[in-house]
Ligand SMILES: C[S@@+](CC[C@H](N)C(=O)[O-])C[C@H]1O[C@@H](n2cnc3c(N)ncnc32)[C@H](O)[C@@H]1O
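Given next, in structure tokens, is a single chain: the form predicted alone.
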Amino acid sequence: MSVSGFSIDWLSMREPADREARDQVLLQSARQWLQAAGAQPATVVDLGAGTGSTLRTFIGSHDAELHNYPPLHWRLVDQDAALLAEARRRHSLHTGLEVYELDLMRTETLPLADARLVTASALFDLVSAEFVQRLLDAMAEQSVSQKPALYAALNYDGSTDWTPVHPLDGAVLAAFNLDQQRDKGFGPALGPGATDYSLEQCERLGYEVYTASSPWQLDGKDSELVAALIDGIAQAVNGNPAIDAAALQDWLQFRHAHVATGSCRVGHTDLLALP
């Protein structure tokens, strides 16, 4: 699936799980970095912004809260016009909001000038090593005063644990992780290696880098999300020669039978890189 292929329904479905999963220490550190900019509104550039979930995480889900802490100017960047239109609709009262429909791979066009912080949520595991390198170069080149910080959250780490277990869980996970490295529109995806690679590149450029685990912890209350996750995984691994089609169908039926009573932990990692 390309980044522009995500639906409003899917993003809305996963947003509560994302918000609960984020590491609160790193999130608070990112907020403090913005607050240190002083009285002038700090500029945040959110890449792959979708409907604005990262914005809502930072400053509250209601327009009335948007100016509370700290004063921020948001630039939402995405390749999907429909998602950006939904973001603008949800935050129509926020005057410090700009949306940019851009090809993220054209890093030279990204609106990074004067940015205090660049954010991305559930994006870096979909992009390539080339994208990360080009983004970091663009951040250094287009910032007028100093390099912006980078907050890249909810990067899939390659782990998924189900309760109850099924004999095919390991094979499905291996096939899914292989699929995660396909080209998602940015070249060969980093997949589960996204955080390690990004950390290495940020440290090479002199950033102070912090990481923390941010797993989804899903159970019966998240049954709609879990059901969609099961279907997505099955679709991704279908056709893999290592997975027997009949066995995959049995796994799919078993997983759906336990959506309301079982649980699932999907591993993610958050990264914060400060100049």
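Residue numbers here begin at 1 and follow the sequence given. Note that the coordinates shown come from a computational prediction; the quantities given were computed from them, not determined experimentally.
We do not show the form predicted in complex with the named molecule, though everything after this point is about it.
Contact check at 4.5 Å (heavy atoms) against the named molecule in the predicted complex: all three of F6, L104 and F186 pass. Only one segment in the set 170 to 178, 115 to 123, 157 to 165, 194 to 202 has any non-hydrogen atom within 4.5 angstroms of the named molecule in the predicted complex, and it is 115 to 123. None of the heavy atoms of C264 is located within 4.5 Å of the named molecule in the predicted complex. Among residues of the shown chain, D80 is one whose heavy atoms approach the named molecule to within 4.5 Å in the predicted complex. Using a 4.5 angstroms limit between non-hydrogen atoms, A49 touches the named molecule in the predicted complex. In the predicted complex, the named molecule stays beyond 4.5 Å of every heavy atom belonging to A21. Proximity to the named molecule in the predicted complex, taken as a non-hydrogen atom within 4.5 angstroms, holds for one residue of L252, A17, L11, V259, which is L11.
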